Every structure is written in C-alpha cells, then in structure tokens.
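In structure tokens, the next block holds one chain alone, the form predicted alone.
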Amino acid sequence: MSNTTGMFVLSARILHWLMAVLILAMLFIGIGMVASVSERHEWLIHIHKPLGIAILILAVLRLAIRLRNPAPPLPADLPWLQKLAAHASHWLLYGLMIAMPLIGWAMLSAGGYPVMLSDSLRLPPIFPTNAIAFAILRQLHTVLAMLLFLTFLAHMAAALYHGLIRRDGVLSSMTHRRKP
C-alpha cells in the first residue's frame, strides 16, 4: 500500500501535533520533577504519570494509523542519506514514545511505587520490586528522555529545513494541503 495523496491522513496529522505538544510538555515536566524538591515536585509527579500513559496509548494508536496509512513519499531528489535519516528518526521516535512510558511504569513498579493515574485509578505493577532494577530503569529513563529530546529537536530542525529552505512539500504534508 502506498500513499499517492502527498499528505498524511487527517488522524495522523491531528495525533502528530497533539503528541508534539504532550511530549514537549512531558520533557519539561520531567526536568522540573528532577530539579525540584518543593511542593511543586508532587504536583508534577501527579501530572507526569497520567500524561505518560496517555502518550503511550496515543503512540500505539498513532503507530497503528501509520502502519495502515503509509507516509507520503519523500522528494525524489532528496539524497539517500537524508532519506535514511528521516526514516530512522521516525521509527526511533515511535520506539521512544512507546518505550519511555513503559520504562517509567516498570521503574516505578521496581521501586515499589504506585502508578496512580488519578486519586482512585491505580495501574498494576509490571515489574517486580527490585532496588537494582529500579536504579537501572531510572538511569535508562533519563538517558532515553535525553535521546527523545535530541531526536525531537532534530525532527523539528528537519521539518523547518524542508518547510523554509527546500520548500519541497514535506512540512506541508503534515500541516495542511500540499502545494501542487
């Protein structure tokens, strides 16, 4: 199945921009959580957990939409290395959007912490309590968060390159109708 419209389907575009906002917010909330020991820390944790699960659910939905509705082709004159980087970075983003919440959930489970989505909605642990696993998963969560942020920045820079410099329709395929 190939995409001949030159556009991402509407559901993919909506999820893309919604998730861009959520992920950026999540990255800043995560930074705020580890940088604060004030009462703000608890407030940020109460936002971070349900937001992470929302991102996980939306990422799975988005991946299903992407597999069912392929992305429009990249410009034919784009060098093969840039095409490879585009495809690799997209799949890395999908992997990170799914892995980060699962690793966070496993980390909290390993630490014996409840994963509360609200005052009454608690997720079951997905990893046995283990202090060493908690430490490893915490470090992995941190490293992958940095990788996600760098990949996000690279993705944004590439989008701006295509939209402002090349003007080849790649950015507009995710924002609005493509130029003829």
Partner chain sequence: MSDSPSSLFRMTPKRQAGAFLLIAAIVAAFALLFGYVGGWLAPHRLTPKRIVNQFQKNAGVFPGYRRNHAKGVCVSGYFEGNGNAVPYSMAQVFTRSRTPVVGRFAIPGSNPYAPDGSVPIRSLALRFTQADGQQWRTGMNAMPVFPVSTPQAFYAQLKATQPDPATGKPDPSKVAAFFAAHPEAAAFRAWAKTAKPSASFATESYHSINAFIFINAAGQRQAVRWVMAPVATDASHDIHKAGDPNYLAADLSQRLANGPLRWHLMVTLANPGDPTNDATRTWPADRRSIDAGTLVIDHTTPQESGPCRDINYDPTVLPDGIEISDDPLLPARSAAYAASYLRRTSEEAHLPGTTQTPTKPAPEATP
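Numbering follows the first chain given and starts at 1. Predicted model only: the values in this text are computed from it and were never measured.
One more form of this protein should be noted, the form predicted together with the partner chain, which is absent from this view; the next part is about it.
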Residue among V143, I126, A64, L153 with a heavy atom within 4.5 Å of the partner chain in the predicted complex
L153
Any of the heavy atoms of R166 lying within 4.5 Å of the partner chain in the predicted complex?
yes
Flag I53 as yes or no: does it have a non-hydrogen atom within 4.5 angstroms of any non-hydrogen atom of the partner chain in the predicted complex?
no
Even though the partner isn't displayed, in the predicted complex is R40 close enough to the partner chain, meaning a heavy atom within 4.5 Å?
yes
Give a yes/no on whether L10 approaches the partner chain to within 4.5 Å in the predicted complex, heavy atoms considered.
no
Listed by sequence position, which residues of 16-36 have a non-hydrogen atom within 4.5 angstroms of the partner chain in the predicted complex?
L24, L27, F28, I31, G32, V34, A35, S36
